[in-house]
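Take a look at this single chain, the form predicted on its own, given in structure tokens.
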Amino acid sequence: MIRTLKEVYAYREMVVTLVHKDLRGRYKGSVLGFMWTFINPLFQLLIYDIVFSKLMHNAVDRYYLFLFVALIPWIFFSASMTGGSMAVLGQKSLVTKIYFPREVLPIAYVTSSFVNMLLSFVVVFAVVLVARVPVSPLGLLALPLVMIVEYLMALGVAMTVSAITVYFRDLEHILGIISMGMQFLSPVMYNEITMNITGRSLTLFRLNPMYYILSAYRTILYYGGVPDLKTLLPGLAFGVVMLLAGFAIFDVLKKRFAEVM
């Protein structure tokens, strides 16, 4: 893996170029262009808030904020998983014609999605300010760590699914269903407190690696606290394991990419 990372670092300019290309082309041809980076999450927030807060009479205080601080990170992870599955297959012409470390492709895609999330956080911080959340300075210092842990986790997943999709094309569509299911099994629209999840059900709930990530975001930006090590350490462990597994799987499967394509 160290040799692979050194090779990827040697091709870092290619990663930057692909990230820049993806960000520029994401809303190319649309009238509002890059503004959709901010409009998309705001519209999703509005829809979820109407359904869960107004129609279903959710009793959570400032539910719009409770939802928003977890929704934006979830969108990044979901995009890395579903869109990341096509990171290699979508660049068929590059893979079959020139040599470069294939790991560059999922890394560039996830990094592009990560930058998009960071830009969306401009809206998140604006909503937090309007809601006058007494955010802890220590909590804000912990926020970049939570983001890095999520990035590692998302990259590990993208490495895995992008490699498998080259051989099993149906995975792209299956992941859309898995992503939808994971969203309802993750603390995006609720958590263990609002749903009174306890005992064995809580243990099962915590088997979802996104539980730790989204809980940390919500602790910082909604409750105004500092994430507990009991939350950060399992999240970091999940992130590292997923990343190592992703690189290992990718390394095995990449040998026949050009042949299979």
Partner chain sequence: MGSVIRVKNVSKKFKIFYDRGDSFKERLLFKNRSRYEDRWVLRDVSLEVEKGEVLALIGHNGCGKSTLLKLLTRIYYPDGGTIEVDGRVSSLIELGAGFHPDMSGRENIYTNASIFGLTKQEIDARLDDIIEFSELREFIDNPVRTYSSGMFMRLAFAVAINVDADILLIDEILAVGDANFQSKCFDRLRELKAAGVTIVIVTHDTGTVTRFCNKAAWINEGSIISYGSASQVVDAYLSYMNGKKLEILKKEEERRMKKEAEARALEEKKNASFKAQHESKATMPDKETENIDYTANHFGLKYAEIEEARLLNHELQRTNVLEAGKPCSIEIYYKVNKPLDEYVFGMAFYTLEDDRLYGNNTQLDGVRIPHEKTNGKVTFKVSSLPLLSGKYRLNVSIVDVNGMPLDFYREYCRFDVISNDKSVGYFSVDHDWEVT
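Just so it is clear, the structure is predicted and the values come from calculations on it, not from any experiment. Residue numbers count along the first chain shown, from 1.
Although it is not shown, the form predicted together with the partner chain is what the next lines describe.
For the options Leu141, Ala126, Ile98, Ile177, the one in contact with the partner chain in the model of the complex, meaning a heavy atom within 4.5 Å, is Ile98. Using a 4.5 angstroms threshold between heavy atoms, Phe168 counts as touching the partner chain in the model of the complex. Within 4.5 Å of some heavy atom of the partner chain in the model of the complex lies at least one heavy atom of Val260. The closest heavy atom approach of Val115 to the partner chain in the model of the complex falls outside 4.5 Å. Taking the partner from elsewhere, Leu94 is found to have a heavy atom lying within 4.5 Å of the partner chain in the model of the complex. Of the candidate stretches 132 to 140, 99 to 107, 150 to 158, 72 to 80, only 99 to 107 has residues whose heavy atoms lie within 4.5 Å of the partner chain in the model of the complex. Looking at 1 to 23, the residues that come within 4.5 Å of the partner chain in the model of the complex, counting any heavy atom, are Arg3, Glu7, Ala10, Tyr11, Arg12, Glu13, Met14, Thr17, Lys21.
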